[in-house]
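Here we start with a single chain on its own, the form predicted alone, put down as structure tokens.
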């Protein structure tokens, strides 16, 4: 019974990624696409977590942390790029 629930959750997360991919491709605006990419990252975290439970292993937990950090930083960088046009501001000595 528990394995069935885990497989169902994997299928639902996969469908959610497919819907988010559609939003990335056909999104009406750039902020919608950024949110869809962020959603894909967090759905991948969910898939890895469910796989850790299914395999009864904790070896992928570091991967979950890494994907979470990268998803957060990419969202911050893309939002900063939208707001200012550059990600890293440099002061010029003229």
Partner chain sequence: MIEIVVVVMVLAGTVLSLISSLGFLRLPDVYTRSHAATKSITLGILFILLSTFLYFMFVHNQVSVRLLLGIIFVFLTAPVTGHLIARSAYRFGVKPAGITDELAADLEREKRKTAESSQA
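Residue numbers count along the first chain shown, from 1. The model shown is predicted, which means the values in this text are computed figures rather than measured ones.
This protein has a second form, the form predicted in complex with its partner chain, left out of what is shown; the following refers to that one.
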Problem - Exercise: residue 82 in contact with its partner chain in the predicted bound form, heavy atom 4.5 Å - result: yes
Handout entry: Any non-hydrogen atom of residue 25 within 4.5 angstroms of its partner chain in the predicted bound form
Key = no
Problem - Partner contacts in the predicted bound form for 32-57 (non-hydrogen atom within 4.5 angstroms of its partner chain) - result: 32, 34, 35, 36, 38, 39, 42, 43, 45, 46, 49, 50, 52, 53, 56, 57
